[in-house]
Structure formats: structure tokens, C-alpha cells
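Before any questions on how it binds or moves, here is one chain, the form predicted alone, in C-alpha cells.
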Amino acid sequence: MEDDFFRIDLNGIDRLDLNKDRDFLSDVGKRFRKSGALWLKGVFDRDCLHSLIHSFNEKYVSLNETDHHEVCQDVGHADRKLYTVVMETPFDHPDLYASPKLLPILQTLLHNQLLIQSFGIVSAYPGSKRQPLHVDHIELFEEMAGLGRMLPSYAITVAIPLIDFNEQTGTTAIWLGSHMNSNSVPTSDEEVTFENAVLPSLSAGDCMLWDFRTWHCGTPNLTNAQRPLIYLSVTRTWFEDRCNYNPSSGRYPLLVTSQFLDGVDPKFLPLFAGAKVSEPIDIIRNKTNSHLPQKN
């Protein structure tokens, strides 16, 4: 499958409309159904992303799983961290959940049945190794092998890089079409090569979508800096992800403040039907660190 098939340039487009741009969105839908992934160029404002990096470095990077288990989790080979980011300033920017370019695409792919399941940042640390090859959810009906590939998309991961990705920083390797046919995917994680994968060099401002059933993995980070990536999982309203999150353990996939909900345009409130109302991250940090000696 040609790389250009899943790469769509949205630079120069201010917004998409479900009615006026029906033919374009229909083509986007066909591409996604075939490839199981899309690389969308020029979706987000780089200046906006810069403010997110600053807040991430200031408020999240120093967190650890032991003291902040509800918002921080070690993943991969302990060289990656997953942060559940509280949706508050600056992470409450409407473009992150209601982008005039991205939202119509998601509405098209999920038949206008949208629920935000999770929101956060995954950061690959300097020198991090390759992530294990994986999909984002098990088969819906494990007793009926192969049924999943016949179903339309019900859950999509949106990946938003906060820095430019290249051969040194690494990226997310995607096996296009593997949500329908996994013959091109390595059969053993110990013998993974990227021969049949695409390795998109996303720029800050781009984003990538993949179906929960599409095989992928993060590649090594060869630099001396972190590689932060916002993840946003968007699903059909009936789906609930219990593979990656278990609220009974104290970890919730989507945290919002009451102030955030009060300020959301009512037409977007249904997107957050599954969210847990949280305290601001500054309060969470202080509570989890309350056992530490306080500076005078």
C-alpha cells in the first residue's frame, strides 16, 4: 500500500463541513477503512502546541507512578510514561477535542457516534527502546476469530506529536491494512523489522489516526530529549475501553475539572459523558506529595 494513500494534507484548509465537504470526507473514510490509519498534515497550530509542551514539562514530567498513580503510569520497558492529563488550561483548548479540521473526519469515520474515552500524553524517554508490537484492544468477540476485520471502526487513537518526529527522535510505526489482514505483521515480537511498516515523520501540528485493531509500535528514541505525544482515543458511544484502564484501580482515562465542563459549548458536552471530574493537577501533585518534608 502506497504511503501517499494514508497521508492527507490539510494545510490551507480552515475547516471541514459534513455537508459541503461530503465528497472529500467520503474519500477520507474510504482511505481509512482500507489502510486502518491516516496521517493528517497541518491540523494544529504550532504555537498552541508550544504552550502545551511548557505546561507538560512544568507540571507532569516530574511525576512518578508510585506517588501519582492516578495520573502517571510506567509503560513499555519502563522507558516510557503515560500521563493522564487533566483537561484544564492550556489542555482545554477547543482544537484538541473539537478541531474544525479533525472533528468532521472523526464524525465521518465513526458514523457521528463519538465519545472521548481517554486523553493524555505518552512520552518516550531519551534512549528508549522499541515498544512491543501491539494493537490497542482485544477482539470484541474472541470466540469468533476473524469477525473483527469485517466490522467498521468503533475506536480510534488520535496521536498528536508535540515535537517534530524524525529518524533520531523516532515515531510510531504502523502496519497499514493490518486491522483487516495481519499477514504483513511480524509473527514474533522478538523478530520485529519495519520492512512492511510505514514510519511517518510527523511534524508538530500534524496528527495520526489509527484503528484500535491496527498493529503498531513506538520506535526507539535516539536523542537526549523526551518524545512527547498527546493521545486521544475517540470511540463509538457504546464502547468502553476496559483493557487499557480499570477505574477500580484508581486510574481513569479521562479527567476534567468542573470549571472545564462549565465552559464547554453545550453541543460538545456529550463527548465527555464518560469523564471523571477531577481536581486541578496542582492540587493532585500537592496531595500525593503531602508525605514529603515541606520546604521552609
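Just so you know, these numbers come straight off a predicted model, no measurement behind them. Each residue number is its position in the shown sequence, starting from 1.
What comes next is about the form predicted together with a small molecule, which is not displayed.
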(message) To verify the annotation, which of these, Ser153, Gln226, Thr171, Ser118, has a non-hydrogen atom within 4.5 Å of the small molecule in the model of the complex?
(response) Thr171
(request) Could you check which residue among Phe32, Tyr60, Tyr231, Phe239 gets a heavy atom within 4.5 Å of the small molecule in the model of the complex? (result) Tyr231
(request) Indicate whether the small molecule has at least one heavy atom within 4.5 Å of a heavy atom of Thr108 in the model of the complex. (result) no
(message) With a cut-off of 4.5 Å between heavy atoms, is Arg80 one of the residues that contacts the small molecule in the model of the complex?
(response) yes
(message) When the contact criterion is heavy atoms within 4.5 Å, does Glu88 count as touching the small molecule in the model of the complex?
(response) no
(message) Is Val122 part of the interface with the small molecule in the model of the complex - any heavy atom within 4.5 Å?
(response) yes
(message) Given a 4.5 Å cut-off on heavy atoms, tell me which of 91-99, 209-217, 178-186, 139-147 is the interface stretch with the small molecule in the model of the complex.
(response) 209-217
(message) Is it the case in the model of the complex that Val75, Gln131 and His134 each bring at least one heavy atom within 4.5 Å of the small molecule?
(response) yes
